[in-house]
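One chain comes next, on its own, written as structure tokens: the form predicted on its own.
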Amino acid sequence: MSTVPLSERYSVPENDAVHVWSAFFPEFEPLLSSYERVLSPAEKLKASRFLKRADRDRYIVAHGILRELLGKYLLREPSGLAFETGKFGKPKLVLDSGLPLISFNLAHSGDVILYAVANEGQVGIDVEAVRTDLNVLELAQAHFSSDEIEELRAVSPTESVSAFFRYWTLKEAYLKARGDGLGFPLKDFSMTVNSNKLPSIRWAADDPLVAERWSVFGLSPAPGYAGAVICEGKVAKLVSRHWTT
């Protein structure tokens, strides 16, 4: 993992690279009103529908930073960016001719917000706060493939929670990269997590070439959090940077 030099921080990623940005909500909470101003009417409406104030505020900050970040890549005002959504809700940019084609994805959990920016290939990112109050083996039985369940059972009880969240974030990132959401069953594909090498997609029911089609990276964005990013194509370089005000 490398860090983006300041002089290149807004360069569009090369074909073999993905940029991952992290942000921490408490740093940006004082800027809530300014981020809300750059959101579209549809985004403001969605924010207003959150029942909890904390969820509303996190949505506003996460999407306000997204607009600011993409605006820097495209040299456009954040409020002027337009998005459209796919069948399962994955957003993508609506770009004027002449602008570089970039794909992106965002995820947030607790105080951590992650963004992935890639060239033309699809990308998905996920982050989860690791919870120790869950019966992870029971959840795995309900959602994981038999291969993943077997691997999870093979680790020690003290490692099972962190292992579960590594699998979960990989699976979520893959679904987000595909743009399927939960339209593609979690048991219809399998990830593998090996401490000696990068994680990978073992198989997918609808794609015999899935392992060659996607590049997979595990992330450790902050203590107590697990994350993953999955990119279409052969991506050899993950470039990481923390977003600051």
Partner chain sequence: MTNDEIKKVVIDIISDIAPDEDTSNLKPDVRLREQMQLDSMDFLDIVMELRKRYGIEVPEAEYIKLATLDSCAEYLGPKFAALGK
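Residue numbers count along the first chain shown, from 1. A quick note: this is a predicted structure, and the numbers were derived from the prediction, not measured.
If you look for the form predicted in complex with its partner chain, you will not find it shown, but the lines that follow are about it.
In the predicted bound form, its partner chain stays beyond 4.5 Å of every heavy atom belonging to Asp96.
Of the heavy atoms in Glu84, none are within 4.5 Å of its partner chain in the predicted bound form. Although the partner is absent here, Phe50 lies within 4.5 Å of its partner chain in the predicted bound form, judged by heavy atoms.
Mapping the unseen interface onto this chain, Leu186 counts among the residues with a heavy atom inside 4.5 Å of its partner chain in the predicted bound form. Taken together, the three residues Lys46, Asp55 and Ala142 all come within 4.5 Å of its partner chain in the predicted bound form, as judged by their closest heavy atom. Judged by heavy atoms within 4.5 Å of its partner chain in the predicted bound form, the contact stretch among the candidates 67-75, 168-176, 145-153, 111-119 is 168-176. Residues of 123-150 placing a heavy atom within 4.5 Å of its partner chain in the predicted bound form, in sequence order: Glu128, Arg131, Leu134, Glu138, Leu139, Ala142, His143.
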